[in-house]
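Here you get one chain, nothing else, as structure tokens; it is the form predicted alone.
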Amino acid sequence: MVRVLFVCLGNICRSPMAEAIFAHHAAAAGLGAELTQDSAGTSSWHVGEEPHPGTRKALKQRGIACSHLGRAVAPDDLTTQDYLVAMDAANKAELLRMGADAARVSMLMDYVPGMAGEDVPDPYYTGDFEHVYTLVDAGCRGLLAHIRAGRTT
């Protein structure tokens, strides 16, 4: 079982979007039973809240289910997750500050050719959920390919 945690600031926009998209692609690839995905925020501002309406709308338009309530990164996430995937450099730095093993921490755009190290902009501030969807989808596809390439058959 490979465990993936997507991380953003508040856990209502980017990371629940990534969680839902990744689950969708994993299921379509027949890997739903081999992977688990979750999402969390580096802050506790939106604990218990549903994803932002813009996130829900972008996912719904594409037939992707999303049933997540916001939560903060828990200390055990840092050791139980195989991949801690940050949406931006600030959240990556916060995961490392929290004590995450650097080998487990990456940024979502690291899995998109030519975009390594780039941030996924926060649509909470920009309102551009469509652009963020495009980036997150590309990152999730790349991460899934990366994980599949590392699997033993």
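Because the structure is predicted, anything quoted here is derived from the model rather than measured. Residue positions are given as counts along the sequence shown, with the first one as 1.
Quick note: we don't show the form predicted together with 4-nitrophenyl phosphate (4NP), though the next part is all about it.
- In the predicted bound form, residue 13 approaches 4-nitrophenyl phosphate (4NP) with a heavy atom inside 4.5 Å.
- In the predicted bound form, at least one heavy atom of residue 122 sits within 4.5 Å of 4-nitrophenyl phosphate (4NP).
- In the predicted bound form, 4-nitrophenyl phosphate (4NP) sits beyond 4.5 Å of every heavy atom of residue 68.
- Residue 8 belongs to the set of residues with a heavy atom inside 4.5 Å of 4-nitrophenyl phosphate (4NP) in the predicted bound form.
- Only one segment in the set 40-48, 26-34, 59-67, 103-111 has residues whose heavy atoms sit within 4.5 Å of 4-nitrophenyl phosphate (4NP) in the predicted bound form; it is 40-48.
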